[in-house]
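Take a look at this single chain, the form predicted alone, given in structure tokens.
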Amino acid sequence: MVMRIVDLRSDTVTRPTDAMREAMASAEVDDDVLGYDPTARRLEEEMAKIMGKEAALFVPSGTMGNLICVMVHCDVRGSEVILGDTCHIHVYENGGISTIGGVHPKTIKNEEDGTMDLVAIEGAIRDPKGSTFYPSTRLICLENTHANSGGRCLSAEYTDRVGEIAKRHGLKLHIDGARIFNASVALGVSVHRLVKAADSVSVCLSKGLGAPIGSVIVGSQSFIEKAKTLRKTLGGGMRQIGVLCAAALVALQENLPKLQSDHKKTKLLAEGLNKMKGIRVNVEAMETNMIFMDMEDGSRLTAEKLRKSLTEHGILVIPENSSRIRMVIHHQITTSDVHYTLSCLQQAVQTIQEPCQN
């Protein structure tokens, strides 16, 4: 019987802490659709202040938050958004910007560090004179941290330059900041500074921050007023959401300071993995709380074999493909859990590769 569980599938798997549960139980609430939930207002005001924007809005999920932001900026059907070919909005959000928003995606290659080439971005902007034939470019989207690049951080300077391109062409800039707090801690730069150039930002509360549910979108007051209408249209107008927002307020206070420790434990795990025969991790490129572990050719290792072996020891991971596993550290993973994972992995690697050594 497995007595120990180390869940490395994602930073979305955390359980509400006792403090969160207590805050949820005693939260002061009202009907947020009518605009009167005091705890929701407190969270929204706090997030707007942290992000340096005029206003904020709680939404059920990051996917809905991104969809709302894109739809507010691209309010004419057939508009076009420029975004990375491996970004979350394009790959993992069910094509919602197209199927629901009527927005056409124009993809630019994401580099290994999660950026898009600035020349390529500007070159993708449609000439307004061609509007009879082409979609009208209205928006550029960035993702920080960039998940499919291994949690890489976009610098404030890079974001500023993208923002300058957007302004020069009369476009808006949206940042999918699902893990923007991880980027802030890793870069040693305030969140306010990282999103200064953005017209809107979505921030996930249930990833690195460890709240049980929800995201917040921020922007100008007029932007948020339009976003409220779209939230209702998409079915995200909830009632006593102060119950959820109370947990998020605890997460901001208690878990935000833990992100640096999460990054250190991720580094510890990555360095240990990189010492194992048949496994390769790009430790130098690892900046936040994600690890991509690759199986070397000829090693007899596969992602599925390792996943199965780890599961038998209570360690949960998700294979990205047949030769890659992603692991994500969160605040409920301890240093002891990291050492336990390394020990179990070393044992699994040796067992799987033994026939190769005979």
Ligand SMILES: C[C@@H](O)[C@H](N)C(=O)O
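Quick note: we count residues from 1 along the sequence shown, nothing fancier. Note that the structure is predicted; figures quoted are calculated from it, not measured.
A second form of this protein, the form predicted together with the ligand, is not displayed here; the remarks below concern that form.
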> Is there a heavy atom of H88 no more than 4.5 Å from a heavy atom of the ligand in the predicted complex?
Replying inline: yes
> With a 4.5 Å heavy atom cut-off, would you call R152 a contact of the ligand in the predicted complex?
Replying inline: no
> Just to confirm, R326 within 4.5 Å of the ligand in the predicted complex by heavy atoms?
Replying inline: yes
> Contact between K207 and the ligand in the predicted complex at 4.5 Å, heavy atoms?
Replying inline: yes
>> Partner absent here, but in the predicted complex, which of 270 to 278, 231 to 239, 88 to 96, 132 to 140 has residues with a heavy atom within 4.5 Å of the ligand?
In response: 88 to 96
> What residues, if any, in 165 to 196 have a non-hydrogen atom within 4.5 angstroms of the ligand in the predicted complex?
Replying inline: R179
